[in-house]
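One chain comes next, on its own, written as structure tokens: the form predicted on its own.
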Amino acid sequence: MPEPEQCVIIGSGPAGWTAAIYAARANINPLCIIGVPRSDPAPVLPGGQLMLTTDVENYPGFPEGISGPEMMAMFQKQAERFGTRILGEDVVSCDFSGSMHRLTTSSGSVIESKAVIIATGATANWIGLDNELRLATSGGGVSACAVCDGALPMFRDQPLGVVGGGDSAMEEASYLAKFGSTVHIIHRRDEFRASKAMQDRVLNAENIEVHWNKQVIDVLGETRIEAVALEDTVTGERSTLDLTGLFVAIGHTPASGFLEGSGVELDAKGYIELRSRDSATNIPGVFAAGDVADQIYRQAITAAGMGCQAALDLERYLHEA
């Protein structure tokens, strides 16, 4: 077996690349396992959710904005500049029971490391429609993050749709109401799951309209969304709603399935549990950063900040070990 690594970073979004930059500059010689592309049931690419984002206008340092894929390419280039090594595989299982942490990859290889940073992110839950995913990956006006994309010029003073009925959907609709002409909430039931306060905010907004007992069965438009096809969940009646933007807010799934049986503590939704004001997990030498441990903010800049924190915590751990 090869010599153990000092530091392995699992993931290649803002958290993973930032951790790699800091670890590499500290001469820890990190290995970054970036994953492999897949499309079933929804697109997942090395680089994380930003690979599905056309324009990023809220990350400091880019006054004219930058595309998500371009930003991730720059993060990677900066990490490589300082010596980060890259492995294009998935981690399929982990064994953190010994003094050395053992990671098994999709090729069957076993990598040992003194310390590990988990930065695998979370994937948005999509409806699962072909046209929805096509327009989401091509910048055609379908998104899973209103805070990320809602202020873009293409959505201003336009009719926008939000799919969902929980707190996330209420937050997305409230945010979009500042920019869109009308925000249409499409919910498959006759009541929201969101908290009463969040519901009141939405139901009292002048430019938010709720479509109860409706589900999106298709997204219409060739290069950009033009409308959605709806079906009434009670009567089966079908209709069309004109939209120029659609925001799917039906939750996220943390990419933590490979941690099953590893001993890393997860919450009820599968997010990694962290110690207060720390990036450390319950297992010594195992740290986490980004959306896999953050179900509140889910922004590129907060993920990058967590990646910095994890790398600094890991450096301190190696020094003290």
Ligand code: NAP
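Quick caveat: nothing in here was measured; it's all calculated off a predicted structure. Counting begins at 1, following the sequence as shown.
Unshown form predicted together with the named molecule; subsequent notes refer to it.
Only one of Gly83, Pro153, Gly88, Gly251 lies close to the named molecule in the model of the complex, with a heavy atom inside 4.5 Å, and it is Gly251. This chain appears without its partner; in the model of the complex, the one residue of Arg134, Arg224, Lys178, Arg193 with a heavy atom within 4.5 Å of the named molecule is Arg193. Taking the partner from elsewhere, Gln215 is found to have a heavy atom lying within 4.5 Å of the named molecule in the model of the complex. For the chain shown alone, Gly245 is not a contact residue for the named molecule in the model of the complex, no non-hydrogen atom being within 4.5 angstroms. Looking at Arg275, you'd find every heavy atom of it more than 4.5 angstroms from the named molecule in the model of the complex. In the model of the complex, none of the heavy atoms of Pro159 sits within 4.5 Å of a heavy atom of the named molecule. Stretch-level contact check against the named molecule in the model of the complex with heavy atoms at 4.5 Å: of 163 to 171, 67 to 75, 135 to 143, 107 to 115, the positive one is 163 to 171.
In the model of the complex, His187, Arg188, Arg189, Arg193, Met198 are the residues of 182 to 203 with at least one heavy atom within 4.5 Å of the named molecule, listed from first to last.
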